[in-house]
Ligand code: ATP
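Given as structure tokens, the chain that follows is alone and in the form predicted alone.
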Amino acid sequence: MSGTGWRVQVHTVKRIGIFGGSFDPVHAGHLLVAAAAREEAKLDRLIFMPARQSPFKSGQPLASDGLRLRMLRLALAGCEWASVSDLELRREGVSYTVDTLRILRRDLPDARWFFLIGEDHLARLPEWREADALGRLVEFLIIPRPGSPGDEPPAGFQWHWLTGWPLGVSSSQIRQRVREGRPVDHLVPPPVAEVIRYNRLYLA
């Protein structure tokens, strides 16, 4: 076990993707995007990286860190090419991608690193912490949004568009459905739906 909280065989991993977000909760759209990224970018490993606190979202996630980790691990059970890291959850303060990448690259300096990003976040990439350094550390895999125009990403970043399985669903929509008493079983893996029900998440 490395200091970043995930198991990896150093000599077999060459292309590693990072999928960051609140995952509050993880849902079918996340899993479909992850599968598309793995296939299209030929990733050897994809690390799901739940954030302690996003610099672009106000307030803390509604579900606790422990429950978000649990839902991710249940959703990815049996998926040998994906893993979950608690690296950002163990760091105090805001979760900055450039800091996370420096830690990961220190552990695996010879790997080629990719970062999944939604198309709706592209315009703000230059505002990310140490954006110039970030552009040198990682290649971005852009997740298209249904009905979006497919704008060109900002200059200074390496990027690749994903084409597979865009799904118009978000964690905020799922939380809203729970508050309204509407089913979410078709939108999240069954174990995640059970965690939401048992812990009475997102009702308030």
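On a predicted model such as this, the values are computed, not experimentally measured, just so you know. The first residue of the shown sequence is 1; numbering continues from there.
Not pictured, yet referred to below: the form predicted in complex with the named molecule.
When the named molecule is considered in the predicted bound form, Lys57 lines it closely, a heavy atom lying within 4.5 Å. Contact check for Pro126: no non-hydrogen atom falls within 4.5 Å of the named molecule in the predicted bound form. Among heavy atoms of Ile117, some come within 4.5 Å of the named molecule in the predicted bound form.
Contact annotation for Arg45: none of its heavy atoms lies within 4.5 Å of the named molecule in the predicted bound form. At a distance of at most 4.5 angstroms from the named molecule in the predicted bound form, none of the three residues Arg52, Ser85 and Val98 contributes a non-hydrogen atom.
Stretch-level contact analysis of 132-140, 151-159, 37-45, 22-30 against the named molecule in the predicted bound form, using heavy atoms and a 4.5 Å limit, identifies 22-30.
Shown without its partner, the chain has Val169, Ser170, Ser171, Ser172, Arg175 in segment 169-193 as residues with a non-hydrogen atom within 4.5 angstroms of the named molecule in the predicted bound form.
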